[in-house]
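Below you'll find only one chain, the form predicted on its own, shown as structure tokens.
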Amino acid sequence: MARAAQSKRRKTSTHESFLRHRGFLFLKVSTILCIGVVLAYVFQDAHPRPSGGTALGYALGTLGALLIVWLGLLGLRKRAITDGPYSLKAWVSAHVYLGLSLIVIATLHTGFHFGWNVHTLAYGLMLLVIASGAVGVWFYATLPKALSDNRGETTRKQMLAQIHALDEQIHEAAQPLARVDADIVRLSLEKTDIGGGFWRRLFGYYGDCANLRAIDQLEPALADAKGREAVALRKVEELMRRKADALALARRQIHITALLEAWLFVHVPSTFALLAALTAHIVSVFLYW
């Protein structure tokens, strides 16, 4: 009985979103923390005005710095998948909501003093990391499903194998064609780019696809062809259109993956930059203030 109950809890936990973990536990914790920080800021007795140099300012700065370092440890924590109250899902949920609470904590730590200095740089980098993190939450909440819906039961390896098989069929079907038409078919076989460079994959632009250009160039030949040549051209065109569908499927998969890569290219380096700026901020405060 106990085992069945434990298995049921694990099953429920598996299907529960990290944003909804344990009934939005960490959203509630973050909200209470923000309310407490705001009340402490409002009712503090600071002269001449609140700043990072007051007792509360140091307390908020310490809390914010500890949170930033802890949030940065998620990359290491992701290497271990565990269940229970300290599961990876719980950690990610806390990462999201406590990360958002940093906006309140760090802003009140500054006492709304900003300038062209390393302190404001650290604050700006923190906002960048939080903003990119929010984008990452949306990506990881929607893109895995988009990847699954796009590929269905087909793996990426199978997609590429299907395109390769179609190329072989096109090559075989094009054997009876005249030299001019064979050169058009060769455009599809030799010049088609499945993925391409990072920016092409990121924006999913393939308007200059060699396979589509080859299909367009074959249409006049189809209108004039007769006999065996016409049969071969129709077969080749059919295969090339099937290849176009297979390419579109593979490219959508590659595009979605590129979005996740692009997010990492922003979020991870900005996190390291934040840690460096935070270190400079702390060192400068204790050395020169």
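Residue numbers run from 1 along the displayed sequence. Computed from a prediction, not measured in an experiment: that's the story for all the values here.
From this point on, the text means the form predicted together with a small molecule, which you will not see here.
Quick one: which of 201 to 209, 185 to 193, 87 to 95, 214 to 222 gets within 4.5 Å of the small molecule in the model of the complex, going by heavy atoms?
Single hit among the candidates: 87 to 95.
Please identify the residue among Ala173, Leu166, Met159, Ala106 with any heavy atom within 4.5 Å of the small molecule in the model of the complex.
In short, Ala106.
Of the residues Val231, Leu264, Ala248, Val38, which one places a heavy atom within 4.5 Å of the small molecule in the model of the complex?
Checked against the cut-off, the match is Leu264.
In the model of the complex, Asn150 touching the small molecule (heavy atom, 4.5 Å):
Answer no; every heavy atom of Asn150 is more than 4.5 Å from the small molecule in the model of the complex.
Can any non-hydrogen atom of Gly197 be found within 4.5 angstroms of the small molecule in the model of the complex?
Close contact is absent here: in the model of the complex, Gly197 is far from the small molecule, nothing within 4.5 Å, heavy atoms only.
Taking heavy atoms only, is Leu143 within 4.5 angstroms of the small molecule in the model of the complex?
Contact with the small molecule, no.
Using 4.5 Å between non-hydrogen atoms, is His21 touching the small molecule in the model of the complex?
Looking in the model of the complex, residue contacts with the small molecule do not include His21, since no heavy atom lies within 4.5 Å.
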